[in-house]
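Take a look at this single chain, the form predicted alone, given in structure tokens.
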Amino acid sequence: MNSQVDIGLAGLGVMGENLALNLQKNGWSIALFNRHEEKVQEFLKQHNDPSFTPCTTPEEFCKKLKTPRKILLTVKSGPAVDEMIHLFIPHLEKGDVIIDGGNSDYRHTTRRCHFLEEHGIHYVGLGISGGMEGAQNGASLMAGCTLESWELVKDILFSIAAKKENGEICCMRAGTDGAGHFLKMVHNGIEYAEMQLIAETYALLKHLLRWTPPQLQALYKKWNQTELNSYLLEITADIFSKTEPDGSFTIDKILDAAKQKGTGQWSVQSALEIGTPVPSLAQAVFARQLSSMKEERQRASEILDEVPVSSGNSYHNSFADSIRMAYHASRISVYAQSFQMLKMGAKFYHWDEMQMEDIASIWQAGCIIRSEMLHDIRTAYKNDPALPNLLLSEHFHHTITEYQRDWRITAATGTLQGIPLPGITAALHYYDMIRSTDLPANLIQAQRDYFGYHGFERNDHPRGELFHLNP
């Protein structure tokens, strides 16, 4: 049997199908395999093209591939990835490559890299962002692998990645082993935080200004024509245009219970492990968890007192501009937190290739968080690769200085009116804490020493010297 197929794709879910079409469109021949064979047949009925070669067994699948073999896994993260790896190992040889294109936990990716190294097989943890559209037409790709592995797969990855208007390719090798999936995890944490911030602006506009879906659509569309431009704002405006058969708006029919798949939660857990604060990401995760407690919230609303919310007449429409500025300032804080986590993660795991300018660049097209702000972030790190924090860049410092008053007014107004704003307030609190030279942590340290004899440093002695309270 001749081995003539360029790459194998295992897993024909939504992402797998669209990645297969992307590969085919870019001139690659693809062997298709799925644990449930009927999925392959269903796909071929819709897309009958000689570029696709159906396979019914792992052995047949691997034999069809050119050597060194390249296999792209597009299966659900977790045990399914390990099961698929063990299906293929008996039919692979040293020098072959397995690419995990799912949303895997980067720690599992590192484990799998080391396991497959023992078999002489390359492993690439590939973070993919862009949803169905990106998978088919060009996504932002974040790879974690050795340089040797990268040389084997980069031509394929470059071909299916998103391209910016200037021709730059949104694909990078972020480092070894789990680096690519770590980068995708933080991307998803940012995505959670961005979505929470937009939802909070919606809550303020809906409950305080009493704006209708058509008004909201017009506003978000207008915002998206400014420096706030982003894919998430674009789809938000479109969502408010959707109607039901009876003419009512679909947004008003959707249950206020958000779900999650886990990557946002992983980002918060990882931040705790490497010791870097991401309060906005954490609050976005907690907000989704609280929203899913619909029955508990319903019962609590019948018992706990409600703060009377002022009528729309109490707030002039100009307050919408304060909300806009609060949203923009909060986003800056979110990215400051997230890029600090990326820097800390790169240092913690020795991923020296993970450069902040490059990350901002590959997120400018294809991915879910693509936005105008990423251009400014890239510029900030290009001008100063050692920038301690994005908040200290000239551009973002100037913006927050200009918007800070409205940021505080918006946060305070929502709080006084009983409208939960965990994302906006967490972003503001991060800003206030990082700029403070006098935090009450001295009292906490004194308390720790009082009950646990942990010791404390003094501000009139060199750092590192420990003292204790007098008994």
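Computed from a predicted model, the values in this text were never measured in an experiment. Don't overthink the numbering: it's just position in the shown sequence, from 1.
Just so you know, the form predicted in complex with 6-phosphogluconic acid (6PG) exists too; it's not on screen, but the next bit is about it.
This chain lacks the partner; the member of 343, 187, 331, 154 within 4.5 angstroms of 6-phosphogluconic acid (6PG) in the predicted complex by a non-hydrogen atom is 187.
Listed residues 326, 128, 197, 362 were compared with 6-phosphogluconic acid (6PG) in the predicted complex; 128 is the one with a heavy atom within 4.5 Å. Only one of 84 to 92, 208 to 216, 242 to 250, 255 to 263 places residue heavy atoms within 4.5 angstroms of 6-phosphogluconic acid (6PG) in the predicted complex, namely 255 to 263. Mapping the unseen interface onto this chain, residue 136 falls outside it, with no heavy atom inside 4.5 Å of 6-phosphogluconic acid (6PG) in the predicted complex.
Looking at residue 191, you'd find a heavy atom of it within 4.5 angstroms of 6-phosphogluconic acid (6PG) in the predicted complex. Although the partner is absent from this view, residue 322 stays clear of 6-phosphogluconic acid (6PG) in the predicted complex, with no non-hydrogen atom inside 4.5 angstroms.
A residue is said to contact a partner when one of its heavy atoms sits within 4.5 Å of a partner heavy atom; residue 368 meets this definition for 6-phosphogluconic acid (6PG) in the predicted complex.
Applying a 4.5 Å heavy atom cutoff to 6-phosphogluconic acid (6PG) in the predicted complex picks out 288 as the lone residue from 274 to 297.
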